[in-house]
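First, one chain by itself: the form predicted on its own, in structure tokens.
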């Protein structure tokens, strides 16, 4: 950048303009994190609400020796991996299917996207009613002669996590589809025309043109899916409440459980671990995917 242009930009956009934004960011983001770290080093609870005692890293030591916490980490990872994979793959399939000259494509896109605008409370109640013992799913199994498979899918330890995963995938696949559709519509059709002239098959065009040029959309979807999967709370809390037993308890619901018991310092420490976990995982995924994006400028 030329010196004269740099001086003009500094005149038009002085550095002092970032001060209001920095104050807001610091007050609502940095300060709470610092306060959370300080309180995680205390025995802050309801009985010592105004007089917390400094205990160092005892909360963190307890947490990493707590088998329930470790199980909640495992459940969170399982949920995040399965939902991120399924939402990405199914969203891509729907986008490829609806990126065609179909008379009903706008209607179909709306139908598939509709679950994303529904309240999770509505989705949770609906899923509980569908997969309950006398729900729609069991009635469907009975109608096709599969009565032996009927069970309370929500309260069964072997299927509860699958129900929660299904609810999340059903709700957000349409959102992934919309991101992929935007990416597909941004690909220049000349690439496909040139490939056809060279005799490329549809599969080769998908591998060599579509998927590489869709990497920005993959980055957005996968990062959002990973973050959402690791932070999951509402659908687990509404559908299973973390049960049956501890089968579907995830980090966010376990933090809420400890907070509800008045263990404020310990739950704050868990929240910090969750924050580091989510931030670290999403940053790594974003870094890896960004390196794979194709520059077509």
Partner chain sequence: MKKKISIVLSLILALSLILSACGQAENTDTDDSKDGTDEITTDEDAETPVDEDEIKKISILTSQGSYFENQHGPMSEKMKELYGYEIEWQVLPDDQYYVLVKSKVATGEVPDIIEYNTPSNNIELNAHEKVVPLDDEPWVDRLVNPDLLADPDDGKIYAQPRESGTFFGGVYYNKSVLEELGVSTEQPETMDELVERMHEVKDKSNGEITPLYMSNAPAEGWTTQIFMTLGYSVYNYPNDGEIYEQLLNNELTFPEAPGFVEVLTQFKSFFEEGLVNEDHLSADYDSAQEAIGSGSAAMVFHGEWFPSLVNERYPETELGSWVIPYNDNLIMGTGAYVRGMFVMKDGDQVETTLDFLDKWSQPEIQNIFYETRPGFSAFNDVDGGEVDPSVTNLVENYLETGKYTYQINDPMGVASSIWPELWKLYADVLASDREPIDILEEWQVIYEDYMKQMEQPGF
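Numbering follows the first chain given and starts at 1. Just so it is clear, the structure is predicted and the values come from calculations on it, not from any experiment.
The form predicted together with its partner chain exists for this protein as well; it is not shown, and the discussion that follows is about that form.
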query	finding
4.5 Å heavy atom contact, residue 152 and its partner chain in the model of the complex	yes
Proximity of residue 245 to its partner chain in the model of the complex, heavy atoms at 4.5 Å	yes
Touches its partner chain in the model of the complex: residue 249 (any heavy atom, 4.5 Å)	yes
Interface membership of residue 57, its partner chain in the model of the complex, 4.5 Å heavy atom rule	no
Heavy atom distance at most 4.5 Å to its partner chain in the model of the complex, all of 53, 62 and 240	yes
Sequence-ordered residues of 34 to 52 touching its partner chain in the model of the complex, heavy atom within 4.5 Å	43, 45, 46, 47, 48, 49, 50
